[in-house]
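Only one chain comes next, encoded as structure tokens, the form predicted alone.
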């Protein structure tokens, strides 16, 4: 199916929003794509005509089976390109999102499959998000929000809840990356900040806001 860049952006936005929101409202979609609700309504009619979404005015929107399939392939390309940029071209993990936003619209299936093989079929992108395989399947891990981890438990960072450049730059400043192992030492009730220890480094205190953005697995 041939889709325009704008149509692909809408499908991907719906995919991400419906993961936590269920049915996606016009206003939520407009805010995500930074456009006017009236423009969203027009696009939803086009996507409905292509059987990519299930949409009823005032009831919200969800991807159809075909829409989800298309969205997963867009996500697959985006995350593979991010992995390539970080692992092969030494981009910082805070630099790759916007570049991958452009590369994800390349339509060549052969190129994507060769890229996947060249990268030896990675399961997760540099931010810890699962990469869909050619059938749309993803590997999921049971993760815990760092703010919920009890003191004196050893964990490993597996995912960041946001890919904002500001968050990633802060993590880089604190030498925290995907795969970093840390121990929660103490939680402070005054502001819900968390003291953590990283191997061979002095203990540091991170804010509640930062701890809420970090997802870890238990070691």
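Just so you know, these numbers come straight off a predicted model, no measurement behind them. Numbering follows the first chain given and starts at 1. In this text, rigid core is short for the largest set of C-alphas that superpose within 1.5 Å between two forms.
This next part talks about the form predicted in complex with another copy of the chain, which is not shown.
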Check: Only one of 131, 103, 146, 73 has a non-hydrogen atom within 4.5 angstroms of another copy of the chain in the model of the complex; which is it?
Finding: 103
Item checked: Contact test, all of 93, 170 and 173, partner another copy of the chain in the model of the complex, heavy atom 4.5 Å -> no
Note to self: Taking any heavy atom pair closer than or equal to 4.5 Å as contact, tell me whether residue 138 reaches another copy of the chain in the model of the complex.
What the structure shows: no
Notebook entry, point to check: Is there a heavy atom of residue 84 no more than 4.5 Å from a heavy atom of another copy of the chain in the model of the complex?
Noted result: yes
Next item on the list: Look up in the model of the complex whether residue 121 has a non-hydrogen atom within 4.5 angstroms of another copy of the chain, and give yes or no.
Entry: no
Next item on the list: Spell out, yes or no, whether the shortest heavy atom distance between residue 110 and another copy of the chain in the model of the complex is within 4.5 Å.
Entry: yes
Margin query: Once you overlay the rigid core, does the Cα of residue 31 travel 2 Å or further between this form and the one not shown?
Written below: no
Checklist line | Core-superposed comparison between this form and the one not shown, residue 61 Cα displacement 2 Å or beyond | finding: no
